[in-house]
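Given as structure tokens, the chain that follows is alone and in the form predicted on its own.
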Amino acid sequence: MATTGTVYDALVAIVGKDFVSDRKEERYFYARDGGLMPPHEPDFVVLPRTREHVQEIVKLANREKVPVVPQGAGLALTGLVIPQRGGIVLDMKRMDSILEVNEKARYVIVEAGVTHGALKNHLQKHHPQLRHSIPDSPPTATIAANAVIHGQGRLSQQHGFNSDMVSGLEVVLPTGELCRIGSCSVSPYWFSKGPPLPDLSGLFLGWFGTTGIITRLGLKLYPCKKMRDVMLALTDRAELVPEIMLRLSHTELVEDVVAAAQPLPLRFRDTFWIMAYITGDTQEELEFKRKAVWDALWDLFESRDVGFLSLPPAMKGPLLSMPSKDTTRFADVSKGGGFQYAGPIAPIEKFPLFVSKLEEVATRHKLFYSSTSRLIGAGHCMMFSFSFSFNRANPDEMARAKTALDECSKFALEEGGVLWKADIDEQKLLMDKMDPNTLALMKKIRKLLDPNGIMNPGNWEIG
């Protein structure tokens, strides 16, 4: 391996002195995220501006056998961009151009550093008839990173994971070549990430930056209705929540379905809140959808198993905000600004079992808990969050939170869930349970694409 000075000088030659650092204070910052995984410092932090910069950095890393870790906003909380073996962190925030919006084909092409907040603002200003699926992470979350981890958003009930909405990729391979994936590989249009071609996007989505670095991404856009509303159903019977969610999805008129459970404030305790989001261009359209929601649950309402809560504007505002601010509020419940969640993807029938486990684990470990579950793909599955908050100034509370999360992840896996944006420990659990031939195929793919093992080593590391 080359000396540190040699690599530093080479990086400066690629991006300029102002955009490379090996200073302790910046390596400290990039050594950690907001979650519970132990920190590990990189050797260098680099901010490329162009795809050519990314190519040259990857080629340098290959020559010198230096690890490379691409980073969006670093908000995943599960250590996915913590440089486990040191090396170079590529902070993609300077690659922040929105390159094209195709209104007729309803897609946008963005660079890897474009955030969900920036795209939302751009569409509202220049293309108000279009929108994208906004996750409930802070607006600084990047579109590319959210797609890489199979994130979900406000349109996921209807259209699946946010990665399902990708319409094309431009990727720097681990050996430095620039590659286009999807219709954009043969056409000037970015309307499909695969069909009718072989769908190669799966080589990069879900791999946590271990198979390449996304430099540009096409994303599907959807109609932005003029009005939006939320209806709130409540029940004290956990076993009814899957039925309620399924009935709402069955109307095919509901944009988003979210179920929430937490013990505080007291009005939430022992009650499950199921939120149905509807949109329309006219009051008549909204009324039609409101009636459909009422009709879907009317027999449960008559039996007094489900109630509807009339929401005043002061309560509706926070529920309608995109992204939701509830996540950041929950992070400071324990005073100290810490929270993390395990988010298995599972059949919605698992909701009662999962929420019972969440309550039991939280009580045993003396932690404040919350859960927000979202339907994905017209009810084909849900993301269930086992969420715990903690005080970062209290090491004992942080240790209890990590133990609780690990216990919930193992339980969810045993019950048939698949762990979402799994940390290194959870990745090992998944690989231990995985079909051995599937695991062998993953190993072959990684070895073929990344022969020198430089791409985010430590993640999806198959022995």
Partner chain sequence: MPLAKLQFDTTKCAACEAVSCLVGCQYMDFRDTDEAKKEWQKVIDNQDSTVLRSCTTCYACEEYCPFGNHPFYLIVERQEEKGILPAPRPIITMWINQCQPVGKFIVGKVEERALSYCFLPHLYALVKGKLFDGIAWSGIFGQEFFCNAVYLHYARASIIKDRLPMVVENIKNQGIKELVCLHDECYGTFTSLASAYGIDVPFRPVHYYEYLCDRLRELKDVIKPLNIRAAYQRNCSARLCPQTDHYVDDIFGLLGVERIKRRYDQENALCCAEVFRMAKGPAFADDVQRRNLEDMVEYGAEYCVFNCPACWDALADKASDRGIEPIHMIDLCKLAIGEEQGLRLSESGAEV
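All figures in this text were calculated on a predicted structure; none of them were measured in a lab. Positions refer to the first chain, counted from 1.
From this point on, the text means the form predicted in complex with its partner chain, which you will not see here.
- Among residues of the shown chain, T271 is one whose heavy atoms approach its partner chain to within 4.5 Å in the model of the complex.
- Its partner chain in the model of the complex comes within 4.5 Å of no heavy atom belonging to P347.
- In the model of the complex, its partner chain lies farther than 4.5 Å from every heavy atom of H380.
- Within 4.5 Å of any heavy atom of its partner chain in the model of the complex lies no heavy atom of G86.
- None of 365-373, 206-214, 176-184, 119-127 except one has non-hydrogen atoms within 4.5 angstroms of its partner chain in the model of the complex; the exception is 119-127.
- When you look in the model of the complex, the only residue of T235, S385, S192, S249 with a non-hydrogen atom within 4.5 Å of its partner chain is T235.
- Proximity to its partner chain in the model of the complex, defined as a heavy atom within 4.5 Å, holds among D281, E287, E103, E360 only for E287.
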